[in-house]
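So this first bit is one chain, no partners, the form predicted alone, shown in structure tokens.
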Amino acid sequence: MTETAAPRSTDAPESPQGPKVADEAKRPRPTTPPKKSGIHRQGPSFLMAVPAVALFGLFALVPLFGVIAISFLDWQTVRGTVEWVGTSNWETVLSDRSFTWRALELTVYFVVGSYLFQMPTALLLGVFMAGAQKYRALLSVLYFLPLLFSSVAVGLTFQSLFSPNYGISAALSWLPLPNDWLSNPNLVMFVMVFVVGWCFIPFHALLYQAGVRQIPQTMYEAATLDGAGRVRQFFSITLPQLRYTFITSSTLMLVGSLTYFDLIYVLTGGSPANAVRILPLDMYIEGFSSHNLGNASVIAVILVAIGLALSLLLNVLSGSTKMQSDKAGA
């Protein structure tokens, strides 16, 4: 029995050390990864965050700790005296049910009312403006005009519009409109919610518009082929894809509502009957009208605590700490 020799390949020249050495030469040699420094191995360098951290500490933390320190002082700006009083300011403010707790109650009404008015309106406007029709570009420009005006200008304009002598009620006297928009304690809160919403809805509509335009059109095309109408696409595609935009916008609305002061001050000054004297306005009146910086600092610290707790609660409830991509295929 004779053995037949296997045909040799002619594609590569035979190594002088034999076929075993040639096969080892063809194997890919393991490459040693380049050594990285400790900074690159752990991601971006912390040094890149130093400017942001320094600015945050200078313009946020330093004033915050300064306000906390002033809340323990009796600082009378008229007399120019400063005296350490411990927790006396806190006891005074927290025991004043006629103003502080009433102001906190009005703040809750104002924040909830502003959110319920701004959120659905801004969402629908943002979805509408994300369309491809040409006339929507013109309407988008008109919607954003309130962002160009200062709060003082807006306040003076609406003060004239709601005037009982020459405002909307006088011009449309044939309609059953109220004549005391800003002097009725039961009506002025709704007026303020509307005016503040008119100012800030365009900003949040811009956020929703950008979010809608990031949604892949293939999702809408697939839904259309499956027979889904516009309403079904809105609830099944648009709203879930706008989840993180919704969280961002809601946080800005709710926390931002805690800082509205200038527009309310220009329009009403807190009257009638302190019906819109919310905490930010109460802080200004206490500090700059009553010249009691200690009590005003206590209210400021309370506002900061409420804002931080609200922001943290929104992040925890929304699950934004576990960010996941909503993009198709990502």
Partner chain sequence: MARKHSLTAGISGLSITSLVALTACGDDSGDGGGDANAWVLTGGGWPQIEEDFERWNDESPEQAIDVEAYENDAYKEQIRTAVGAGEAPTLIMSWTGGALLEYVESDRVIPLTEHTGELEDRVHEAVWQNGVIDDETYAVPLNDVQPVVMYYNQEVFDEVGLDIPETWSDVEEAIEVFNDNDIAPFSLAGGSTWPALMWLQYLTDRHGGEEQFAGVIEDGESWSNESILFALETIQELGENGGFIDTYNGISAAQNEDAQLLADGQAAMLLQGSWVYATINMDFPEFAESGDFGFTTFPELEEGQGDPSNIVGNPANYWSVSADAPEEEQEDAIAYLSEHLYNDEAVDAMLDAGSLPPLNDISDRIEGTEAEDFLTFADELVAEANHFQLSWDQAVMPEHEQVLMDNLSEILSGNITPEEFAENMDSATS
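The term rigid core refers to the maximal set of C-alpha atoms that superpose within 1.5 Å between the two forms. Positions refer to the first chain, counted from 1. Only a predicted model underlies this, so the values are computations on that prediction, with no experimental measurement involved.
The discussion below concerns the form predicted together with its partner chain, not included here.
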_Exactly one residue in S150, N179, Q233, Q214 has a non-hydrogen atom within 4.5 Å of its partner chain in the model of the complex; which is it?_
N179
*Looking at W84, Y166, Y135, W174, which is the one with a non-hydrogen atom within 4.5 Å of its partner chain in the model of the complex?*
Y166
*Although its partner chain is absent from this view, report whether L225 comes within 4.5 Å of it in the model of the complex, heavy atoms only.*
no
*Looking at the partner-bound form in the model of the complex, is V78 within 4.5 Å of its partner chain by any heavy atom?*
yes
*asked:* Check T92 for me: does it contact its partner chain in the model of the complex (non-hydrogen atoms, 4.5 angstroms)?
replied: no
_P272, heavy atom within 4.5 angstroms of its partner chain in the model of the complex_ = yes
*Go through 248 to 256, 103 to 111, 121 to 129, 197 to 205 and give me the stretch that gets within 4.5 Å of its partner chain in the model of the complex, heavy atoms only.*
248 to 256
*Can you tell me which bits of 183 to 213 touch its partner chain in the model of the complex, meaning any heavy atom within 4.5 Å?*
S183
*Threshold 2 Å Cα movement between this form and the one not shown at E105, rigid core reference*: no
*asked:* Once the core is aligned, does E91 move its Cα by at least 2 Å between this form and the one not shown?
replied: no
_Cα distance between R102 and D96, which in the model of the complex differs by 3 Å or more from this form, closer or farther_ = farther
*Looking in the model of the complex, decide if the C-alpha atoms of R97 and N89 are closer or farther than in the form shown; they differ by 3 Å or more.*
closer
